[in-house]
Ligand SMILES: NC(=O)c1ccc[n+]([C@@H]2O[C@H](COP(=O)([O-])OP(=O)(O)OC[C@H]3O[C@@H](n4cnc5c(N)ncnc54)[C@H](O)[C@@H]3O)[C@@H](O)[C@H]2O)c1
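Just one chain follows, in the form predicted on its own, and it is written as structure tokens.
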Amino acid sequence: MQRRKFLRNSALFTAMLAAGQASAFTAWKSGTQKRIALVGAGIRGTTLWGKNLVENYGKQVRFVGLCDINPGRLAHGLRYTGMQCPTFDNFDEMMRRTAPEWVIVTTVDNTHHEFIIKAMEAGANVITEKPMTTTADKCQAILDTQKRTGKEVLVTFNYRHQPHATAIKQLLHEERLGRVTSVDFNWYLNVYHGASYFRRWHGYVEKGGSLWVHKATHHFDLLNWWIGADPVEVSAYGALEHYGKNGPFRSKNCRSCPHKKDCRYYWDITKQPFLMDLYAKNEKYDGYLRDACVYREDIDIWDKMSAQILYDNGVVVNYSLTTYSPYEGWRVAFNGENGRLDSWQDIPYQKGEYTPAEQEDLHAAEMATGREEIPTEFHEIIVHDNFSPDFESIKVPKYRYGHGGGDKRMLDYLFVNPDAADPLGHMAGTRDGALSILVGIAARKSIAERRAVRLDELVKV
């Protein structure tokens, strides 16, 4: 594509998305308590956005409604979170009766758009879990509704708020490498955390948009934020070679499986009291199995993924996601005109990592909320200048809980200090949410059609 046409098309796409990017929290001011409703009483809704807010942000938040279609989870959610509010199995009724100022959306990914749009049309602003939605059409509908209603939609990209991610952003913002030209980003899910996606509804493209969207939206948002530019074209490859129909045997779920002794992915949910109360005891209402077999024949997402992403400033990203690695972590490298930046998280044998936690427990620690933590270890960032034998080692305190310390920092900014300066652009709106999911949606389309896909093919002005 000619550079002039490339830049013109990119400018049109950027202008369209800019209309949906509100300034930082114009609808939320410090020192005020907001009326909030929560839809989605699953694990994320009841922990981070439920119990955690009730216990730690009571001065800023007052829940006026809790909604879920599963009556068992709804009742459990009310008890577990400690909310003092009415419950609803009908979202429209909740909006009419409670008139919340803000709605928090933590439902199954493919329904996010429904509640985001309905909330805005009812006069509320929205905080939504990632991904913002799962398809281009749903993304367009959210952007159109926001433009029409003028309401705010905040997308909770907590990884941006990690001290480690922030330190990388600061170095790039200061142009420590000069102009960045290319990036290598590799994410590894271990055989415990990775397998969990294939046990749940995330194993279906229709539900979660595949891990290209549900999981990688985090990764693409980090890349977009770090690079400070807009992705415009994606070429991708992917396959399902490990889970699903590739398994040597299968059953309905782990509890009923006759192959427990032979399956390395057997997982005993009965040893998880919280998950038993939240999910297993409420299967009778909707049939959802939290411990479904990872070898189910109808799993249709990819378990290995690789993409090249072209940005409007010429940066090229090489990205990969693996879902059955022996260890959990990631590596990133930025190549610039004046040097290179390398960093990583949780690579067990990497210099700078000390006595890593057991792999099976890593994700549980990451998801833990409300934990005060004094870091005793560090992440390392290596900056190497061209034509120099020396390098700079930058050490950043390592937080384990709450997505590397990102959850608490994000919530403090949102609820306690919404008027604070945000020079690095930590807080994310619909523009950021759209750009992150559209990379994953483009990757799906690229695999299906065996070609490079431009993002402005997916969402039109």
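Note that the structure is predicted; figures quoted are calculated from it, not measured. Throughout, we count residues from 1 along the sequence that is shown.
Another form exists, predicted together with the ligand; not displayed. Remarks below refer to it.
Classify Thr156 as contacting or not contacting the ligand in the predicted complex by the rule of any non-hydrogen atom within 4.5 angstroms, answering yes or no.
Output for Thr156 is yes: heavy atoms within 4.5 Å of the ligand.
Ala41 near the ligand in the predicted complex, any heavy atom under 4.5 Å?
Result yes; Ala41 sits at the interface with the ligand in the predicted complex.
Within 4.5 Å, heavy atoms only: does Ile69 come near the ligand in the predicted complex?
Output for Ile69 is yes: heavy atoms within 4.5 Å of the ligand.
Is the gap between His173 and the ligand in the predicted complex 4.5 Å or less for some heavy atom pair?
No - in the predicted complex, heavy atoms of His173 and the ligand never come within 4.5 Å of each other.
Is it the case in the predicted complex that Gly45, Asp109 and Glu129 each bring at least one heavy atom within 4.5 Å of the ligand?
Every residue of the spot touches the ligand in the predicted complex.
Have a look at 305-313, 101-109, 247-255, 78-86 and name the one stretch with heavy atoms inside 4.5 Å of the ligand in the predicted complex.
Answer to the contact question: 101-109.
Report the residue, out of Arg296, His379, Lys169, His214, that has at least one non-hydrogen atom within 4.5 angstroms of the ligand in the predicted complex.
Looking at the other structure, the residue within range turns out to be His214.
Here the chain is shown alone; which of Trp344, Phe115, Tyr243, Tyr188 has a heavy atom within 4.5 Å of the ligand in the predicted complex?
If I apply the 4.5 Å criterion carefully, the residue I get is Phe115.
Stretch 197-230: residues contacting the ligand in the predicted complex, 4.5 Å heavy atom cut-off
Heavy-atom contacts within 4.5 Å come from Arg200, Trp201, His214, His218.
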